[in-house]
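Only one chain is given next, in structure tokens, and it is the form predicted alone.
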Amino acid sequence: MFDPAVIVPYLPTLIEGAGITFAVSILAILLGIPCGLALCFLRQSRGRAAATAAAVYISFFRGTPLLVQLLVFFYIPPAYGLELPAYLTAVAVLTMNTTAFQAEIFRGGLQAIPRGQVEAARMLGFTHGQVRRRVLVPQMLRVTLPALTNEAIDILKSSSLVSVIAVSELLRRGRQVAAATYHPLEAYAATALMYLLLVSLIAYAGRHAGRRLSLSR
């Protein structure tokens, strides 16, 4: 029989796990934005070596499972005698993963900006860096905001995989509650509900940011 009351004493544990999930995911997304922009411009650069290196990076992180990436980068530092906290590894791998996806999102946004705007800015005396910083990047962020919101949601849901490297996030806490109560259905239902709340929070923030950007035009 489904009995939600058995989960009540363990709610603080689940809420703490949800906080870790949210912190790890948001940190990865925020770090991924400047890295994704840099990788996007590197991918679009005229230098063949730089563009190729960026393409290889994107292909690797888009073409391999996140779980495999986590395990590979979790075991690399110990192989060279370096011990890193699991949380740091989780944030680093999630950041590297989302950087590749964000770079492709930004590339799509860049292609949507009329070329004439760049030429007009150059005629006004803008330097190459000023064109990117003042003309391209603000518009790319505005155009790609819905896709960035979806990417943030994907990263939050995918962050459940970091439990395999012993990060005590929400799913790992849910497993512990299921084992302690012998009520897995209730434990995982509560875990799913907390994931839904976190995703809803990100979706709301994305819609709010979209309205603010629309008003600022």
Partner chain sequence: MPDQSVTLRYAERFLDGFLTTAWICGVSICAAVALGLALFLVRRLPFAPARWFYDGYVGLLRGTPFLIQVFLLYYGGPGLGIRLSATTTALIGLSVYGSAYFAEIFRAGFEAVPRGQVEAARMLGFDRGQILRNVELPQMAALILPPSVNQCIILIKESAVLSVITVPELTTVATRVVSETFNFAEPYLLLALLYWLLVEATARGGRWLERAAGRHLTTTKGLTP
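Fair warning: this is a prediction, and the values are worked out from it, not measured in the lab. Positions refer to the first chain, counted from 1.
What follows is about the form predicted together with its partner chain, which we do not show.
- Comment: its partner chain is not present in this chain, but in the model of the complex one of Ala189, Ala166, Leu27, Ala51 has a heavy atom within 4.5 Å of it, namely Ala189.
- Interface membership of Val199, defined by any non-hydrogen atom within 4.5 Å of its partner chain in the model of the complex, is confirmed.
- For the chain shown alone, Leu67 is a contact residue for its partner chain in the model of the complex, at least one non-hydrogen atom being within 4.5 angstroms.
- For Pro34, no non-hydrogen atom is located within 4.5 Å of its partner chain in the model of the complex, even though that partner is not displayed.
- Residue contact check for Leu161: one or more of its heavy atoms lie within 4.5 Å of its partner chain in the model of the complex.
- For the partner-free chain shown, just Phe101 of 92 to 117 comes within 4.5 angstroms of its partner chain in the model of the complex, judged by any non-hydrogen atom.
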